[in-house]
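Next up: a single chain in structure tokens, the form predicted on its own.
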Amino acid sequence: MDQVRTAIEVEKVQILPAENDDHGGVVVKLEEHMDSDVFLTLLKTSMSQWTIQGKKGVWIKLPTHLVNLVEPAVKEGFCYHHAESDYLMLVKWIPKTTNTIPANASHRVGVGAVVLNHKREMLVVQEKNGILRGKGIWKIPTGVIDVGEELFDGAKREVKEETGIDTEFVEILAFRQSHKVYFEKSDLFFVCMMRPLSFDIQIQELEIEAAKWMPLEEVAAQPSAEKESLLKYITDLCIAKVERDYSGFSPHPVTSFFSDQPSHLYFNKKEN
């Protein structure tokens, strides 16, 4: 009888609006303005009820116009998990067990586009900004993948934006992982082989100082391409690819248990 009474009382208690997640926790999504004192009262009551219910992680998604609720949430033991331009995500682990909430995204994903024409010339650029500014180094077009963007689409976009050249994706030649690059995050960099569909260069003047088609051997002869540099390995792979001694990774559509969004598995599918 006591258990029945407790269940009825729990249903009558006013708590924050929340949805169950797939891992035994709840997600609070607030949109309308709320006084911080009212929020604190509801939060304390909610945490008590979620503890009784055996919930694990509690997530609070706060849009920027509800910034007044950040301080009371933090004082109740919530931590920052991640932030985007329009919201902040806070989280708290309830059980007295090991916290299994995954950390925020650990990697940034970048692409470099290797574009070779029929003359064995590589499309290269000199950057107007950043650490390479004014150093006279010719490099391949590079950039960061946007949210929801495929690697091959990102490579085509970056080449078009920086040089005005239209391209067709061929395959991934290689990838590099490095650490503590931007905001202490790790970095995955995919080197993509591209086939040019146009040849007249029109540089993006905001970021690119110059761009041109350079003989592959001249790119490889730059001082910056010596020893074990990234550029040296890229040019070596290009030469091997041209001479048909190397085969990279091509995308193949796959389905997933975790999302209904399209995805691709990259692997080496040798030609018969």
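Each residue number is its position in the shown sequence, starting from 1. Given the structure is predicted, the values throughout are model-derived calculations rather than measurements.
Here the subject shifts to the form predicted together with another copy of the chain, a form of this protein not shown in this document.
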One residue of Ile52, Ala221, Val67, Val38 in contact with another copy of the chain, assessed in the predicted complex (non-hydrogen atom, 4.5 angstroms): Val67
Leu197 within 4.5 Å of another copy of the chain in the predicted complex, heavy atoms: no
Another copy of the chain contact at His118 in the predicted complex, heavy atom, 4.5 Å: no
4.5 Å heavy atom contact, Leu237 to another copy of the chain in the predicted complex: yes
4.5 Å heavy atom contact, Gly148 to another copy of the chain in the predicted complex: yes
Residues of 166-185 having any heavy atom within 4.5 Å of another copy of the chain in the predicted complex, listed in sequence order: Ile172, Leu173, Ala174, Phe175, Arg176, Gln177, Ser178, His179, Lys180, Val181, Tyr182, Phe183, Glu184, Lys185
